[in-house]
Ligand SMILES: NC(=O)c1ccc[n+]([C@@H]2O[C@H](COP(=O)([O-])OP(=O)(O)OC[C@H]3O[C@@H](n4cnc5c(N)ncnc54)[C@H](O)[C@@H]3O)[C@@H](O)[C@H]2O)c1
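One chain comes next, on its own, written out as structure tokens in the form predicted on its own.
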């Protein structure tokens, strides 16, 4: 939470947040809830998303869905509409990264990455847009990988670059209806995923001590630290707020100066 405390500028609005069981997704949902949103928290991890919704409190509900499946997307959006009677905000956060060097990436991992990170986000936006009001918001969680290819996975970078481009295209398409579409491109953020990377790559492959790989990467960041999930949530909340009503088609890089575009 910011130092001024939560303010209810999103009171009674309904926000879909995909991939909300942990990490950035949960932090985004938590920040939106603190500003008055009712949260439709979606994840393929049934136990995780139910626990997350319970932590978010009254007004939040868990929905279990495969965010890479178009039929599942259509079904869960209808479930959300029935449960809440409205949708005001969509946050496309669900995503994955398969760790493999360029020569070693297989077709199955390539397709899985594209289907969740890019196709899923596109079809969530397509399915939700008809329900959005004139001040509706679509916010796509991209990555600095989509800006400069800074990643361990070429397919991941491609999907995030594609998501940034889709953001621009949808912004133009939906602007006449007063709906804004923006992206957030985080850099290195302190999430469970990066702790896994530290273990699998830093400890197991490079023989480093636990936390050493993340510390080395943090040293490359001009602000001298990795980011926090709640900082991602804060930027998303701003883009969902009335203060961002005249911003659309933009990508906000949240990387401590690690990537400057």
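Just so it is clear, the model here is predicted, and its values are computed rather than measured. Numbering follows the first chain given and starts at 1.
As for the form predicted together with this ligand, it is not shown, yet the points below apply to it.
Here the marked residues 23, 95 and 141 all reach this ligand in the model of the complex, each with a heavy atom within 4.5 angstroms. Exactly one listed residue, out of 155, 120, 136, 186, brings a non-hydrogen atom to within 4.5 Å of this ligand in the model of the complex: 186.
Put simply, of 224, 36, 192, 210 only one has a heavy atom within 4.5 Å of this ligand in the model of the complex, and it is 192. In the model of the complex, this ligand sits within 4.5 Å of a heavy atom of residue 68.
At the 4.5 Å threshold, heavy atoms of residue 45 reach this ligand in the model of the complex.
In the model of the complex, this ligand sits beyond 4.5 Å of every heavy atom of residue 114. From the list 128-136, 168-176, 80-88, 141-149, the contact stretch for this ligand in the model of the complex under a 4.5 Å heavy atom rule is 141-149.
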